[in-house]
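One chain comes next, on its own, written as C-alpha cells: the form predicted on its own.
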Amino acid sequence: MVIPMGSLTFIGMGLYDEKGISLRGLEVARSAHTVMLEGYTNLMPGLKPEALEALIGRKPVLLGRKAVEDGREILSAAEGHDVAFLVAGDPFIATTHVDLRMRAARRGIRVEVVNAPSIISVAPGAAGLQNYKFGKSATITFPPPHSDVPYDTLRMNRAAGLHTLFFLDLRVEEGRFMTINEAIGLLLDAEGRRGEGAFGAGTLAVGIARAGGPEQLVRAGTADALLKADFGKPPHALIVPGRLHFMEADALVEFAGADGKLVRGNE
C-alpha cells in the first residue's frame, strides 16, 4: 500500500486581489511543490494573474469548475507532494471545497487551512450591521428554474426580526454575474407569485458591490430605488435588514446613504 506523503493546504485569498492573501498563506504557497488557483466559485475583481505569479514566485495552475468538482488532479498531486490550493474568499464558504477536503482526508492526505475574509464577515461590517443579528443566508440564482428558497429564507428571517444576506449567482466561465438589480427583480417576482409580504417595492435593502476592495460601494434604500441604481462591476451582494438597532440605523445613514426616515421605520 502506498502511504501518501504530501499535503493539501486550502489558502483563502480574501475578496479583492492578490494582496488579500495572508503572510502565512504566502509562506505556504511559496514553499509548496505545486500551487493551484481555483477560478470559478467566486470573482476577485482586482486579481492580476501576473502580480500573483510575481508574489508567490511561480505561475499557479488555473483550475475551472470541472477540475475542482472532479478533484482527481488536485488529490493525485497532493498524495505525493505539498499542494497549495488558492481560493477566493475563505476556503470553506463554498461547499465544493468542503467536499474536496473530505475526499482528501479519506485518502489519507494531510489537510491544512489558511483562512481569509469572506463576504459573510465583510458585508455586515461594510453596511454597519451587527453580525449576530443575521439569520440564514441564501443564494439567488439565475432562472430557469425559479427558486423560492431565497424568498422562503427571507420570510423566515424577517418573521424573527433578523437580517438576510444574499449571495448572488455567478458563472465565471460563462462571464455571467448577477447584479443587485437582477436579484431585487427576482425577489419582487417571487413576492408577486407568493404574495406573503416578505418583500416589496418599499422594503429597505442594502446593495454591496466589490466588497473588501478600494472600489467598494454600499448603498441602502427602498427595493424600488435600488432596482434603478447603478452599482457598477461585479461581484455584488444584497442584504435585506430585519429590525434595526438604533446604532445600525445610524450606520446605514452614515455608511450607505440611507434616508433617515426609512431606516427609523425599521427599528
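Heads up: residue numbers just count along the shown sequence, starting at 1. These figures come from a predicted structure and were not determined experimentally.
Another form, the form predicted in complex with another copy of the chain, is not on view; read the next lines as being about it.
A single residue from the set D148, D189, D99, E196 has any heavy atom within 4.5 angstroms of another copy of the chain in the predicted bound form; that residue is D99. A heavy atom within 4.5 Å of another copy of the chain in the predicted bound form is found for one listed residue only; from V172, A126, I109, A77, this is A126.
In the predicted bound form, at least one heavy atom of E27 sits within 4.5 Å of a heavy atom of another copy of the chain. Contact annotation: F166 falls outside 4.5 Å of another copy of the chain in the predicted bound form, judged by heavy atom distances. With a 4.5 Å cutoff on heavy atoms, G212 counts as touching another copy of the chain in the predicted bound form. Remark: T179 does not count among the residues lining another copy of the chain in the predicted bound form, judged by a heavy atom distance of 4.5 Å or less.
Note on the interface: of 78 to 86, 140 to 148, 181 to 189, 99 to 107, the segment with non-hydrogen atoms within 4.5 angstroms of another copy of the chain in the predicted bound form is 99 to 107. Taking a 4.5 Å heavy atom cutoff to another copy of the chain in the predicted bound form, the contacting residues in 89 to 119 are D90, F92, I93, T95, V98, D99, R101, M102, A105, R106, N115, A116, P117, S118.
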